[in-house]
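Same protein, same chain, two forms; see structure 1 and structure 2 below, as structure tokens.
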Structure 1
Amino acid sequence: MIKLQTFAEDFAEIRALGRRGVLGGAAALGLAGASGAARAQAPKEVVLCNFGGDAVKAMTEAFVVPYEKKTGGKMVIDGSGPSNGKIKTMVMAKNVTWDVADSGLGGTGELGPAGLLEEIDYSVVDKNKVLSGFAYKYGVCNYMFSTVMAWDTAKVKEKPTLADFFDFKKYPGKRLMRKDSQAMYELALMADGVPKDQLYPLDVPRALKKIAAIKKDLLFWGTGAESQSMLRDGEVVMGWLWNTRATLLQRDTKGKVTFSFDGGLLQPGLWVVPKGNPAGKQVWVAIASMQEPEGQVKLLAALGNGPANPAAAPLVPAELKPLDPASPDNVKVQAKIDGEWYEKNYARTRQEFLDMIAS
């Protein structure tokens, strides 16, 4: 069967390869030549945790490379997924290994009030480099994304309205929602006739009632990839999902599945800093560096996440503008999420949503 000896050798080889790969990468960044003395003075290594996949490569190019060039410091990406539970575990065990985590209002809403996050230091991080309303106490916006309506043009011939999502006479077939209340409440309320600038405070009971009424025809997605496959495979006729995934869907299906920002909800992707992060204050320098518009535009090109810095708008290439959730044209037709409301109410109202699905 397997010769253990040979395997052990292979294994050592593979590990060595991995290490060489890392060093090679560092050399390419012009770091390997740094002398020992220079390295000793270099700022502390900053660990950025995101959800892995393509985002590791994209954020390396958009954020790590410019940061390292500018400060001479080191930044590494850990793609193992910064869930709230893991951040809480780390902080409570007093062994925090991440400096900055890719999170959202779900993170600030649950972790912030529990005292598990550092307050953002706005003396280093620039509030003016963030679209107004998206710089919070426990999290600062790094990119924008939207929850949008996507539909299968084979079954829905005309561009549907949010109300059509609930109209099964007009468009029979299953619908798709996220297994999380964020944006689902908002879109349901808008479908029910609430104007997009009068959403907050959210009328949660009304939204829950609206959604529960069609529950038997709903499917719920957990991961972005799942939302894509449900629409791609024709399991549902309409769905509410992230614009990043909707863009990929449009590309993969050559337009059979399409989407619109109309009636969508603009949301922030937030950097959060777990309490007691290892790099200390250096993390604010890193976050400030990631506010530069160039990197944010790179992220838009790679993943479809819109730049949070308004100064990035002129740098966005024309062909990307229609896909940018934060472009002025697209912002106009969408509702904007209210972070304050989420900080106070998210924990409770999300649980109500999950309980509605479960019962």
Structure 2
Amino acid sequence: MIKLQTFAEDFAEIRALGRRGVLGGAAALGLAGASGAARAQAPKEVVLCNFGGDAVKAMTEAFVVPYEKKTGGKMVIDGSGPSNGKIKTMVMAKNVTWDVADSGLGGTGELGPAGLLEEIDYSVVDKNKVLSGFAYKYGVCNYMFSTVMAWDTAKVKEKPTLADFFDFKKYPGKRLMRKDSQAMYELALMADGVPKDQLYPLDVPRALKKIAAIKKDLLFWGTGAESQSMLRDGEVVMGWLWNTRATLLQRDTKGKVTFSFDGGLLQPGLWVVPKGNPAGKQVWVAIASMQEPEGQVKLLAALGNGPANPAAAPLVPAELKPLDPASPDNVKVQAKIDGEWYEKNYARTRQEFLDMIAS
């Protein structure tokens, strides 16, 4: 069975050298405790959960240090991985230890409607500091990533279009998709002629029909490492995968495998707040602090996550702009995912996709 990773899990795999828990991470990073008198006056401690590895150090520098300096409070990072299952278990048991977690539309879509997440307080968190369309009821964008098309230049001599993905006369050979409907539906519909700004509500039957027509020539990936190896090893001639893995392929193969943001799908990583978080309303102050563009540019430089705040664009170094999924030049050639549609439809339409590829 293919393991299905989230983007955040895969990114941690790319970067991680190890994982740290709350106490271990704080000690290893030298996060100093406040004195008793200072603690009495300071805001409640905020615990941020991500997927560990280098993301602990990067988010400490990008977010923790500025937040603590600005508020006099304390933020601690738990790198143990905020899966949907862990959040659900915490909330159901009324034993919530995290205040804010690194998640995505799969998290808001499953946990939000089930009453397991707090609604984002946009009287404190600023919608204007998020790229248009990526501030949702149960989650607010913390970074951007994309699903893009990558190809083997030894077999595909010219830059292919999304329509070329389905043209086996022009480009013979296997194709690669993720074993999940998110982004696969959108790219298939654009390949079938749907304009990128008219995708939603998704025509799921049309997308399924388009993909089913080439099913015998498709291979599916569940982890980012699988998507990378299948293209690198020549098992497929082109594939749809995350921009982070495509960037690694381009670098590691010295351009033999390359990619483009053209026709890609821009997607958000999201801050979510488990229902009954221990820091209460202080979490909104922390999330608002993490919206500042300077910290988000630090995160881009350290990890490759595109800034969520449009005001970060002028601060991005020139050498990073081509690899930034949220740069203005890359945003304008991509479609934007619709989080509200996914909140209402993801569970059902994902299962339809899985049933089709299994039949």
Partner chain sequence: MNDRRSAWLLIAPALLLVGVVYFLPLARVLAISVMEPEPGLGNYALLFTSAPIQRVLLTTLRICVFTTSITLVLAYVVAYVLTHARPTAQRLMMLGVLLPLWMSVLVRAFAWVTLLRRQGLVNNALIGMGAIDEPLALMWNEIGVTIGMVHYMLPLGILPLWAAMRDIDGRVLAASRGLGASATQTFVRVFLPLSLPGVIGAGLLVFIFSLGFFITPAILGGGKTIMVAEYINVQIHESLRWGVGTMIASTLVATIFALMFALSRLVDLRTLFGAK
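Here the rigid core means the biggest group of C-alpha atoms that line up within 1.5 Å when the two forms are laid on top of each other. Numbering for residues begins at 1 and runs along the sequence of structure 1. In this text the structure is predicted, and so the values were computed from the model without any measurement.
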* Two forms of the same chain here; which is the form predicted on its own? -> 2
* Asked: With one rigid part turning against another between structure 1 and structure 2, at which of A246, L231, M144, Q334 does the hinge fall?
  -> M144
* Asked: Expressed in °, what is the rotation of the smaller rigid part against the larger between structure 1 and structure 2?
  -> 14
* After superposing on the rigid core, how many Å does the CA of A101 move between structure 1 and structure 2? -> 2.7
* Per-residue C-alpha deviation between structure 1 and structure 2 [V65; rigid core superposition; Å] -> 4.9
